[in-house]
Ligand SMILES: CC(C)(COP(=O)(O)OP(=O)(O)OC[C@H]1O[C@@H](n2cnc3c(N)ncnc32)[C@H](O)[C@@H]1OP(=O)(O)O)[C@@H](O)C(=O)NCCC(=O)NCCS
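In structure tokens, the next block holds one chain alone, the form predicted on its own.
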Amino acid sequence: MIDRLLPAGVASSELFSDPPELRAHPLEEELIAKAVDKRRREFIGARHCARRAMGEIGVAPEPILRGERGAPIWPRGVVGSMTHCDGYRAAVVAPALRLRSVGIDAEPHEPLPTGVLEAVSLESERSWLADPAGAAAWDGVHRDKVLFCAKETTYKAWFPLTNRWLGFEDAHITFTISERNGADARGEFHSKLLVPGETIDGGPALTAFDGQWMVADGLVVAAIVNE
């Protein structure tokens, strides 16, 4: 599924269930030693996907530990992102010479819980959600969840390059919808950053990200590939 949002040269792997034989890498086990079963399965499944994707770009299946704010520590020369939700785990990786960063997120395709939208969106984004103009093209698509998914994806593309927090209020996201096929949909989004985007790698400051989103098989999936 997620490979449909990625260009050539970017590897991905995904699971729609947790094979019972999966185990954590021995060096990762201490990270989840006290975790409940659901959290363990999410952690193990996503990292299993990451190692499979790493193999596609010729990288040995190393442990993926946790850094600041829980961000994954990728092997030298690799950029990547992982996601998990009920019924889905995925990872995307690429050589650092190919991309500056990548971000992915997946969520169940259902409305946000009551009260969450106000906490994760800007007033202008809520105005877009409430505007009936053009809503017919989005009929059946939970735009609030697409927005949330894009916000999470933006953060995952931002953090490895800045090592700084990015709040939900720190990016304004706009969307287009380009494909409809029954209950499925696909389109693009633009994340305009509202805070200074100086990076720790000495590269150009970040001002915006462009990404793609998709609704399929009961999921919302989004990806940013930052070249």
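Residue numbers run from 1 along the displayed sequence. What you see is a predicted model; the values in this text were computed from it and never measured.
The same protein also has a form predicted together with the named molecule, omitted here; what follows describes it.
- Using a 4.5 angstroms threshold between heavy atoms, residue 82 counts as touching the named molecule in the predicted bound form.
- In the predicted bound form, the named molecule sits within 4.5 Å of a heavy atom belonging to residue 39.
- Contact annotation: residue 43 falls within 4.5 Å of the named molecule in the predicted bound form, judged by heavy atom distances.
- Looking at residue 58, you'd find every heavy atom of it more than 4.5 angstroms from the named molecule in the predicted bound form.
- Contact check for 2, 52 and 218: none of the three has a heavy atom within 4.5 Å of the named molecule in the predicted bound form.
- Between 197-205, 22-30, 162-170, 178-186, the stretch whose residues reach within 4.5 angstroms of the named molecule in the predicted bound form through a non-hydrogen atom is 162-170.
- Only one of the listed residues (71, 116, 129, 137) places a non-hydrogen atom within 4.5 angstroms of the named molecule in the predicted bound form, and that residue is 71.
- Applying a 4.5 Å heavy atom cutoff to the named molecule in the predicted bound form picks out 151, 152, 154, 155, 156, 159 from 120-159, in order along the sequence.
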